[in-house]
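One chain comes next, on its own, written as structure tokens: the form predicted alone.
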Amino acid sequence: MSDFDYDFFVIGCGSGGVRAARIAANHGARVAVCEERYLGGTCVNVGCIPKKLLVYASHFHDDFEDASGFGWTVGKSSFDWSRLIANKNQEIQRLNGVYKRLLDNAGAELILGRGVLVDDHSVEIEGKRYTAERILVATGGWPSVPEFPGCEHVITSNEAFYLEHTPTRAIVVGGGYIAVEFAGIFHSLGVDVIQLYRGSLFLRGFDDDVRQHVADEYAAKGIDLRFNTEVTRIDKDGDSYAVTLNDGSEVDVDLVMYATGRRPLTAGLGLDKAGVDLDDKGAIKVDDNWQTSVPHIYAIGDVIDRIQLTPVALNEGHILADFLFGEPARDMSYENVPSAVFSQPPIGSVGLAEGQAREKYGDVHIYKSSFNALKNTLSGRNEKTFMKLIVDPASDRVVGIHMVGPEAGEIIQGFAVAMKAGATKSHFDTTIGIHPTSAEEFVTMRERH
């Protein structure tokens, strides 16, 4: 019997931490997991799940408009934000319970409270100390807001999910996927939206054609995009805010939301006392097996700032638990990780952007298409779907697949499997399409650009 209280102690009850705890317990390890906020972490509570529910809600605005082209007469409609949030909260509470049952059924002990490392084998929670042979840090990330005059008046995505009502006028600051998604959500729910980004084009890291296509669609919808623009100060003016921009202009709005990045949640965890090294961004340094500078302390998920996606953290946690307590069944690959942005229209992407592909392979073959989806022919909606394939001509392998359009995430998920299997352009060309779908365009593109 070990001299420690537990074989494995997990700090953080998000998707990655719960998966690691559950799998370790299933392998027979004595496991405890602690959480100071909510079960399920960012994704379940203030991330993927509630965000997607808000996206669904915002789509009904367009759906009601589109219905008339298909013979439907839709009566007067109204939207109740408070009812949406209440229903969303109820679903989140259900999922919190699911996560607790997962831990209970696996035999892992849940301890509520903030876990702090007091040495390399001990975690303290609410004044009580627990020891463990191995410790996993899976505390995730947290929204980051820069310091400037009036920054205390802004909200982040955390607070956006619990607003008492929708604003009439809002500024969304940021160029990442969270900013783009909330700009689309607010706009479709009737808010006058200005989106500011300090760079020349948002969604840095995505394929440039994808970035430009989304920008064009947002501008066409009436979202006021202002690139190369920043907030210099915010002054409260009654129930609204006077926002001064770097060009000297001033905008009056009811809400300012910052989505300018997330930082690893490592402050105050006692990592220094345990001897765990951090990088210059505050993320925990780990090796290929998620081992920190302390051999028996590990870290996964957003706290290591590798790829901040829930399915990545889930895989990291599962593989780590197998590695430590079971039979290692697979390795973690960070190549060709598919992703989606639930913008309006949404983005689906897997593999390399064109610039990355040219840097890696030199000459690449580009196939792309922009078209009006069949549904829009009767609805009259002026929204284009965009698709792009990037091919390494030396091997004929498809190395990048990108889409902007309805159900992009659903479509790209299947193509991600094909890329993992090493699909070539010839495989795409000889695959029969499903007609009429947007997805068939990927197997009918023949003209190089």
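This is a predicted model, so every value here is computed, not measured. In this text, residue numbers run from 1 along the sequence as written.
Missing here is the form predicted together with a small molecule; even so, the following discussion is about that form.
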Quick check on residue 262: any heavy atom within 4.5 Å of the small molecule in the predicted complex?
yes
Given that the partner is absent here, does residue 198 sit within 4.5 Å of the small molecule in the predicted complex, heavy atoms only?
yes
Does residue 97 reach the small molecule in the predicted complex, with heavy atoms at most 4.5 Å apart?
no
Looking at the partner-bound form in the predicted complex, is residue 218 within 4.5 Å of the small molecule by any heavy atom?
no
In the predicted complex, the one of 351, 346, 115, 174 near the small molecule [non-hydrogen atom within 4.5 angstroms]
174
Sort through 132, 210, 256, 341 and report the residue having a heavy atom within 4.5 Å of the small molecule in the predicted complex.
341
Given 84-92, 238-246, 371-379, 302-310, the stretch touching the small molecule in the predicted complex at heavy atoms within 4.5 Å is 302-310
For the small molecule, considered in the predicted complex: do all three of 51, 178 and 181 come within 4.5 Å of it, counting heavy atoms only?
yes
